[in-house]
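Below you'll find only one chain, the form predicted on its own, shown as structure tokens.
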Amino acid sequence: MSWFEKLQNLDRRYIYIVVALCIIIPFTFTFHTNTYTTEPVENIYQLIDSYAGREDRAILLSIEHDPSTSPELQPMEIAIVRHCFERGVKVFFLTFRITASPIIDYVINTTKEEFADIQSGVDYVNFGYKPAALYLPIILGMGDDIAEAVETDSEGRKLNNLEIMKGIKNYNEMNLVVEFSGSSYGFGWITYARSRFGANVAAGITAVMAADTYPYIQSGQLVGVLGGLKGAAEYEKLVDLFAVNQLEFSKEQEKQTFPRINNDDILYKFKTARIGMNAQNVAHVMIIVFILIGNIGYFLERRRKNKQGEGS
């Protein structure tokens, strides 16, 4: 048998072992590759950054996913919260999905560990879980008065009594809503908060959903999108380049600064998407190699059989 024939008859379990190693090794022995940022991610970053230090601006993170999609969505949530904490941007949290409530707590606590001065009710507030029956009343109500529509946070505190609410009344001030979901991309926020009140809406979604958002980006209904690990890795990079160094975003500086980032100094929890992208890249390359070898072997084998048929 020729080499290609042997590959054609290779036990598929060996292929699975190779692919598994291609995923495990990059997680065990990390390496650093450049992540090129894209406009949909940059737009979200720049809009949030424009709120830095302003009492009359805030963002809302609507966490609407289960733990099953957390590996893709949680890194982008942590990256945005870290950006807000670094730059002094007020941030609110909300969910209409009961299983997402502990995810919000995890994102806040994981990020807040590195920010000793960050306080609940001052720099951020978690509205907590709200029943789905209140979805529409809350989205529409916040267009008039956030404190009246939501009333209390997850700790039972009246929003009107919280320091963070000074200068914040409705979507005019809480001017960006980012929904994180594995199955949708801000339909409710686009339909009601965007169309009726003019709020900016963005989405953090799994990679398989990213293509569905392009029409909404082109129409301006979504100001930006974070798509899967790639989107999360891009945002992590922007935070490390600009937010941590208190710098304004610059595309030219982004291109020039990458070689000077010391990735070894970055905490693991703040670069999980980039590490995941390394494993994903290696696995994808390996799969492409197997596909190429399999197709070459198939056509060579078919050519050999055709020649044998002609000879007989």
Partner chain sequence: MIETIGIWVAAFLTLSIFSFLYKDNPFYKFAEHLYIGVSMGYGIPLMYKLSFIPFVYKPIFKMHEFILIIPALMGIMFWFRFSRKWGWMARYPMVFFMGIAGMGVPLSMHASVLVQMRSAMLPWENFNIFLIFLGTITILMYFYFSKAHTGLYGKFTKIGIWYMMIGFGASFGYTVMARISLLIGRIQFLMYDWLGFGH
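Residue numbers count along the first chain shown, from 1. The structure displayed is predicted, hence computed values, not measured ones.
Keep in mind that the form predicted in complex with the partner chain is missing from the display, and what follows is about it.
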Study note, to complete from the structure: Which of 247-255, 54-62, 41-49, 24-32 lies within 4.5 Å of the partner chain in the predicted bound form, heavy atoms considered? The stretch 24-32
Check your understanding: Tell me, which of 161, 219, 183, 119 has a heavy atom within 4.5 angstroms of the partner chain in the predicted bound form?
Key -> 219
Practice item. Consider residue 268 of the chain shown here, and say whether it contacts the partner chain in the predicted bound form, taking contact as heavy atoms within 4.5 Å. Key: yes
Practice item. Classify residue 77 as contacting or not contacting the partner chain in the predicted bound form by the rule of any non-hydrogen atom within 4.5 angstroms, answering yes or no. Key: no
Check your understanding: Is the gap between residue 195 and the partner chain in the predicted bound form 4.5 Å or less for some heavy atom pair?
Key -> yes
Exercise for review: Mark residue 16 yes when one of its heavy atoms lies within 4.5 Å of a heavy atom of the partner chain in the predicted bound form, and no otherwise.
Suggested key: yes
**Study point:** Heavy atom distance at most 4.5 Å to the partner chain in the predicted bound form, all of 101, 134 and 229
**Key:** yes
Check your understanding: For the stretch 265-296, which residues lie within 4.5 Å of the partner chain in the predicted bound form by non-hydrogen atom distance?
Key -> 268, 272, 275, 276, 279, 280, 283, 284, 287, 291
